[in-house]
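Okay, so here's just one chain, in structure tokens, the form predicted alone.
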């Protein structure tokens, strides 16, 4: 499957987290609606209020909508904006991790639990202690440990934190200073809390130096995803204002990761968000663009396309069809 396929045509869905559960692919996207709010860099025009779950038994087959599985009105600590989520499975339970602004308009990460991959998910009464920012992604490593990656700049509020503490001036570093990193944290055995203090995800250039904040074509902005291929950890992410999906490779879930290249060139729309999953012996990139909405960056549609690895483990770049 070398031609991208749109997956949902009756609703606008974005930011797909995709996992293989019980022999099926399950898609956990955010749900875009027309908010009527003017577009801005803080993302106020994104007014997502609930989550649907979709499943697929084959990559070219039917996409089944399991309906609303979590609604902001059922979350006790909710303010607004249910941005992208991820789901992990452990000991018979499915754990949904979701970013949501609390009643002071600060992003926290919440947890909701289900007995089934298709939900519904029941949220806990409070967000995860010590959590902040957006874009949670969870890796189950081969030894059964679970790691969460999270963080996003600008509207994702990551620039407001240093060493896991809020700061007075929420600015990005200078262009010649190291870029703000995504965060990685090992989860507790309960899957409901951080098991340690989050660490910065170091992304190095070809000379072993940290990528700089001014390196907008390569530095991390948002949309962390992690997968393993032939024993290596592939950390992929969006560059945000330069609209690329890039990746870096390392030997540990904590990194450091060495930058390797671009997975997806810009799509139609402000940026993109993705997941990478193996299914029936092939690898697929799930992402979104704004073609069906006529380029409205806040009304996005899900896509899937096959990705290919070269013999040296690098990923062939896919044309996103945008700028």
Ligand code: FUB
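Positions refer to the first chain, counted from 1. Source: prediction; values computed, not measured.
From this point on, the text means the form predicted in complex with the ligand, which you will not see here.
- The candidate site formed by 15, 48 and 222 is fully in contact with the ligand in the predicted bound form, as each residue has a non-hydrogen atom within 4.5 angstroms of it.
- This chain is displayed without the ligand, yet in the predicted bound form the stretch 128-136 from 226-234, 249-257, 195-203, 128-136 comes within 4.5 Å of it by heavy atoms.
- Put simply, of 97, 149, 121, 83 only one has a heavy atom within 4.5 Å of the ligand in the predicted bound form, and it is 83.
- Residue 30 belongs to the set of residues with a heavy atom inside 4.5 Å of the ligand in the predicted bound form.
- Proximity of residue 287 to the ligand in the predicted bound form: non-hydrogen atoms within 4.5 Å are absent; the residue sits far from the partner.
- Residue contact with the ligand in the predicted bound form: residue 275 places no heavy atom within 4.5 Å of it.
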